[in-house]
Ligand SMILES: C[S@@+](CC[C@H](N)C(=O)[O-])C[C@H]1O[C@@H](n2cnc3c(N)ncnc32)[C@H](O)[C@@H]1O
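Take a look at this single chain in structure tokens; it is the form predicted on its own.
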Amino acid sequence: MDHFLRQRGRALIDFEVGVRRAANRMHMAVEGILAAKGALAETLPQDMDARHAFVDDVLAGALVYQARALFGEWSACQHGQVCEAAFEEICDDIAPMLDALADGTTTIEEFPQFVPPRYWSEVWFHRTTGGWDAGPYSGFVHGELVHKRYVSRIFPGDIYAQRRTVLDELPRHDHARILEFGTSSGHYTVALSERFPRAMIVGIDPSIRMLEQARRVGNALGQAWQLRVGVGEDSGLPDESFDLVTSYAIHHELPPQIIARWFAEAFRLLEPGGDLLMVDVPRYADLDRLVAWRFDWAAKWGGEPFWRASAQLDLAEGARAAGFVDVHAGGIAPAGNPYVVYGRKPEQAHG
């Protein structure tokens, strides 16, 4: 989606990227200090709260640890506001183009009776001021500026290629009716369309602003995605109406009891023999204690209230409990991130 930032907005985002990269380098220095003081993965407490307290005690007085916390707090609070400010500079120029992309073959179905769940409506995920639906163009700000101009530059590797790579975990490539839980602004939906160009793709998300951006993306690409305002645990869609139910990096923004309901709803919605593919962050059980602390520290201050509880879940067991068979799960090589869960609905499954 073509757009050009003005000099001030571009500079602000570049500064935020620099702050976050500096914070990442500081974190490696912090872990070097921990190692020098004998605080290694195998010596850290098993309980996560005790682990945080232990690390804080070992690093008491370490200026680089204090600076890392300060830089992390700055980037957590400011990155969304900076991207919003950058958008405001160009809003008048690109708003007509964004509005025009509301028309096309990708559509959104809204439901007046829909009430967003509290776990979503009462949380500012990623410490996004006002939440995902804060402004009329929040979807564009998040999808095009926060995600593509900030997030993609602070995480290693190609985060969009990862969305395509995870689809290699599917045992078949002829899916014709696909449901995506947690569509957001459509990045994973694009990957699904590339892999399954003839498939009907339905996407569901509680954020109308994110879906509006997904609609823009779909229409710009000439897609015919069917987007719906709603939630994965209660989709309102017919039984056995899909042959693939999938999601990407959404579980860590859900309470554990909702994740269990997602698996159950996916099972209901899949036809017998249909596939489940859920992708999320690594499981703490698969990480050493230092790496798990690193993830937890970032999540704790980064606006991820459900990260720890979800990252401690055995998602493969959750899929089995819902009735799926041939379940396998694990991190994608070489770094083990993201984490993929596959399952199949039995051929003779009923209801």
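Quantities reported herein were computed from a predicted structural model and do not represent experimental measurements. Quick note: we count residues from 1 along the sequence shown, nothing fancier.
What follows is about the form predicted in complex with the ligand, which we do not show.
- Task: Answer for G104 alone: is it within 4.5 Å of the ligand in the model of the complex, judged on heavy atom distances?
- Result: Although the ligand is absent here, G104 would stay clear of it in the model of the complex, with no heavy atoms inside 4.5 Å.
- Query: With the cut-off set at 4.5 Å between non-hydrogen atoms, does R177 touch the ligand in the model of the complex?
  - Reply: No, no contact at 4.5 Å.
- Message: So in the model of the complex, is the ligand close enough to E253 to count as touching (4.5 Å, heavy atoms)?
- Response: Yes, E253 lies within 4.5 Å of the ligand in the model of the complex.
- Query: Taking the shortest heavy atom distance, is E233 within 4.5 Å of the ligand in the model of the complex?
  - Reply: Within the cut-off, so yes.
- Message: If the cut-off is 4.5 angstroms on heavy atoms, which of these, W120, Y150, F71, F87, is the one near the ligand in the model of the complex?
- Response: If I apply the 4.5 Å criterion carefully, the residue I get is W120.
- Pick from G182, G80, G218, G274: which residue has any heavy atom within 4.5 angstroms of the ligand in the model of the complex? Of the candidates G182, G80, G218, G274, G182 is the one lying within 4.5 Å of the ligand in the model of the complex.
- Task: Determine which one of 253-261, 94-102, 237-245, 193-201 lies within 4.5 Å of the ligand in the model of the complex, judging by heavy atom distances; exactly one does.
- Result: That would be stretch 253-261.
- Query: Thinking of R163, P206 and M210 as the candidate spot, does the ligand come within 4.5 Å of a heavy atom on all of them in the model of the complex?
  - Reply: The answer is yes; R163, P206 and M210 each reach the ligand.
- Go through 123-141 residue by residue and record those having a heavy atom within 4.5 Å of the ligand in the model of the complex; state none if no residue qualifies. Counting only heavy atoms within 4.5 Å of the ligand in the model of the complex, the single contacting residue of 123-141 is W132.
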